[in-house]
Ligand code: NAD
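In the form predicted alone, a lone chain appears below as structure tokens.
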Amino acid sequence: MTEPHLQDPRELYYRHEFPDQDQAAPALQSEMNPQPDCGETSYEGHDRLLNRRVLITGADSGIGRAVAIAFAREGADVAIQYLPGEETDVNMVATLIKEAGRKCVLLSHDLRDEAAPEEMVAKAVEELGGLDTLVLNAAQQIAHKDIADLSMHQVKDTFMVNIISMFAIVKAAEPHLPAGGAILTTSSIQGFNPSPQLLDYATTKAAIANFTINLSQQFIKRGIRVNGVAPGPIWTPIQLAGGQPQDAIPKFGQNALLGRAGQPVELAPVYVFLASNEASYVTGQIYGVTGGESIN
């Protein structure tokens, strides 16, 4: 009798202390040790998103990169927003998308720029020949142990990148999105169980969860589903450019119930499902991928 293919989730992926490291912003995945697993060699597609036209923000590295790779291998053409300075990482993603036989459009935009959302949506529509799916994933995360050390300039930037840009991108994309399309957001465990050193970031992630649920009620009238994903501690470049206190990096994620940080590839199937026709009866939901911590 053939035995089932079972894998102990505690033993999958990297589960040791991380080497002490940091990077100046914008941090690059290509310079991380160890490099995150975004499914570059492992993700296999099954045409679940065949010929979809997708815009993904923050897709040069981390979760967005894993989603871009998965979507392309599921048959989608992908437009990728990335922050200027992240060309090394985004060119690697573009190569993988093209190797999957899909079109890749690169959009170098800083989401702190009020003009960025309309410009990138317009280019994505032009280059892809339309737009039916949004993955709103880009984020700024900079830790400060005390509100006294948190500048209002940072607060404004964090809100601009993390949540205000979502409003603007959706408004710009709305005329182009057809029935059957999907909007996906990236919230966080921080939106439900916040860490005090991530005051501004956690606040925006709670707002994203509310935005997602509220927006779903408007868009379902047009046959467009809206859902979100709430990751737990995931090994991505955002952690190294001030996203965590420097002394927290070695043990990052090891307090999770699974005993390790998550890898971006572990989130990709959830985004694929939520974007696909298989999730036809799913809208207004936040899916936790947290390593065991509850978002309820």
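Residue numbers here begin at 1 and follow the sequence given. Only a predicted model underlies this, so the values are computations on that prediction, with no experimental measurement involved.
The protein also exists as the form predicted in complex with ligand NAD; that form is not presented, and the subsequent description refers to it.
Against ligand NAD in the predicted bound form, the set Val54, Val170 and Gly228 makes no contact: no member has a heavy atom within 4.5 Å. Under a 4.5 angstroms non-hydrogen atom cutoff, ligand NAD in the predicted bound form has His109 among its neighbouring residues.
At the 4.5 Å threshold, heavy atoms of Thr212 stay clear of ligand NAD in the predicted bound form, well away from it. Interface membership of Glu86, defined by any non-hydrogen atom within 4.5 Å of ligand NAD in the predicted bound form, is confirmed. Although the partner is absent here, Ile63 is a contact residue: one of its heavy atoms lies within 4.5 angstroms of ligand NAD in the predicted bound form. Stretch 181-189 is the answer when you ask which of 92-100, 181-189, 145-153, 213-221 has residues with heavy atoms within 4.5 Å of ligand NAD in the predicted bound form. Distance criterion of 4.5 Å from any heavy atom to ligand NAD in the predicted bound form singles out Val161 from the list Ala202, Val161, Val121, Leu128. Though ligand NAD is absent from this view, in the predicted bound form it lies within 4.5 Å of a heavy atom of just one residue from Ile238, Val270, Val265, Leu258, which is Ile238. In the predicted bound form, the residues of 132-168 lying within 4.5 Å of ligand NAD by at least one heavy atom are, in order, Asn137, Ala138, Ala139, Gln140, Val161.
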